[in-house]
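Just one chain follows, in the form predicted on its own, and it is written as C-alpha cells.
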C-alpha cells in the first residue's frame, strides 16, 4: 500500500496551489465604526471569461471513514474554487499542480487547523472535500455559467495512495 503523508497547512507550503484563508497573522483594518475588523482580500475569485460569474454556495460534507484512498481528483479550468469551513473542525486538502494531466505521485496532502479555509487556483488538481474528523459545513465560492468547468481524473487501483494522517 502506498501512503500519502498529511502535513500541516500553511500559507507558504500551499502557495503554489492556492490561498489559505485565515485570520491568524493577517493584517486587518477597522470597519463599522471600530466594531469589526476586516481581513481584506484573503483570496481572489478568478472567473476566466465573460460567460461565467462568481457564486457563493453552502456545502455539507459527511464524515469520511479512515483509512481513505485517493481515487479521484478534479480541476476547474475556468475559475478558482474556495472552501471556507463554518465549523471549527480540521479537514484534509489533497492537491497536485496544474497541467493537462496528473500523476498520483504528484499529490500533496495538508491538514487544516480547524479555522483555515482554502482557495484553489484555477486549473489546480485537487481531491474531493475530505472530512475524516467529523461532518462539516462549508461556504463555497466559485464560478458558475456556461462552459465545462469541472474535469475529473480517476487513478487506477495500483496508483491510489492512502492518506497517512499523523498530524
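Residue numbers count along the first chain shown, from 1. Predicted, not measured: the structure shown is a model, and the values here were computed from it.
Separately, the form predicted together with another copy of the chain exists; it is not shown, and the next lines address it.
None of the heavy atoms of residue 49 is located within 4.5 Å of another copy of the chain in the model of the complex.
Using a 4.5 angstroms limit between non-hydrogen atoms, residue 9 is distant from another copy of the chain in the model of the complex.
Within this chain, residue 79 is remote from the site of another copy of the chain in the model of the complex, having no heavy atom within 4.5 Å. Proximity of residue 123 to another copy of the chain in the model of the complex falls outside the 4.5 Å heavy atom cutoff. Scanning 41-76 for heavy atoms within 4.5 Å of another copy of the chain in the model of the complex gives 41, 42, 43, 44, 45, 53, 54, 55, 56, 57, 58, 59, 60, 61, 62, 63, 64, 72 in sequence order.
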